[in-house]
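A single chain comes next, written as structure tokens; it is the form predicted on its own.
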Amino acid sequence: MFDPQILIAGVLNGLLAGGIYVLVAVGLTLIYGVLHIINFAHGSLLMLAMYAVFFLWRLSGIDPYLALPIVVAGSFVFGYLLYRGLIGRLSHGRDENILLLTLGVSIVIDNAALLFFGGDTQTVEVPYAGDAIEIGAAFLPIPKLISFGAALLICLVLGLFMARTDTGKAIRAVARERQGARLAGIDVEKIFAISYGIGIACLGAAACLLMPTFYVTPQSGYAFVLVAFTTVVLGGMGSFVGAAIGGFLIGVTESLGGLLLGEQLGQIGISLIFILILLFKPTGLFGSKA
């Protein structure tokens, strides 16, 4: 049996990891909630944002956390223009076309990154990377604590934006009934592009919060997007609350699984809890039937 303090340490570290998962999953669930499609380019766009953070640090010496406003703004503009100029223009209003286009975008970005950046692992060296706070048996890295707090703050700001602003209300109207929103005078295609841009902006924020403790390669987005897909389905497709709770649940499950089964087998717990939730509640924790 494990010491309770070790289990508590595992839970705390899992919650810290879950904060990043929440941010990635919120962007994915926003895009699904409005456009009603899965964004297959999500992992590739996260990887691209991580490279942006890396090159800002390497070329200009900008700390990843200080780069957050730059990368978030750039990610939003990139996502908005990507939808306006390519995805929305070529999809002809068909959801299946959007799926294929995002898959194609993912393939192009992955291969372009491999061509221009190479396959080597790139990391950001910050002076506080090794700093940690000791709580009982838990050593909580300072960068992960900062990232956890920042992720929660960003999600809170996004929630307030969706609830209080006219654009947020328009996004919710389009998500609920796009034809009714169109009849009410809302530019639905513009809202689609804004929603896609916000979803990618969440990835830009996640990239800034990841880079002090993680690395980037042309394949590094895959691990996070697989967890994000699991989180979104687990919490309920299109549910922000579900994405948040699902992200923390996945983070804790992954941490305790690694503690009990070893690092190589730790993610088995994610698959098991995912299967159990879908067996007993196929719509996810906070999803509803169509």
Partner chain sequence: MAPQRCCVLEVGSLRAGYGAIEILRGVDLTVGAGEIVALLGSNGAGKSTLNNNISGLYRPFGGTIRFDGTDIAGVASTRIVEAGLIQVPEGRRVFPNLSVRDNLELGSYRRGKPKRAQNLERVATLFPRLRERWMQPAGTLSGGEQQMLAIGRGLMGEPRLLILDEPSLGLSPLLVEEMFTLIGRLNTDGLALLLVEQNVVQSLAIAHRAYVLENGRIALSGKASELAQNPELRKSYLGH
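Residue numbers count along the first chain shown, from 1. This is a predicted model, so every value here is computed, not measured.
A second form of this protein, the form predicted in complex with the partner chain, is not displayed here; the remarks below concern that form.
Going by heavy atom distances of 4.5 angstroms or less, which of 130, 85, 119, 180 would be at the interface with the partner chain in the model of the complex?
By the 4.5 Å criterion, the partner-contacting residue is 180.
Just give me the single entry in 173, 138, 99, 145 that has a non-hydrogen atom within 4.5 angstroms of the partner chain in the model of the complex.
None of the other options qualify; the answer is 173.
Exactly one stretch in 213-221, 69-77, 183-191, 104-112 has heavy atoms within 4.5 Å of the partner chain in the model of the complex; which is it?
That would be stretch 183-191.
If you check in the model of the complex, is residue 166 within 4.5 Å of the partner chain, heavy atoms only?
Taking the distances in the model of the complex, the answer for residue 166 is yes, it comes within 4.5 Å of the partner chain.
For 105-125: residues with a non-hydrogen atom within 4.5 angstroms of the partner chain in the model of the complex?
Going through 105-125 in order - heavy atoms within 4.5 Å of the partner chain in the model of the complex - there are no hits.
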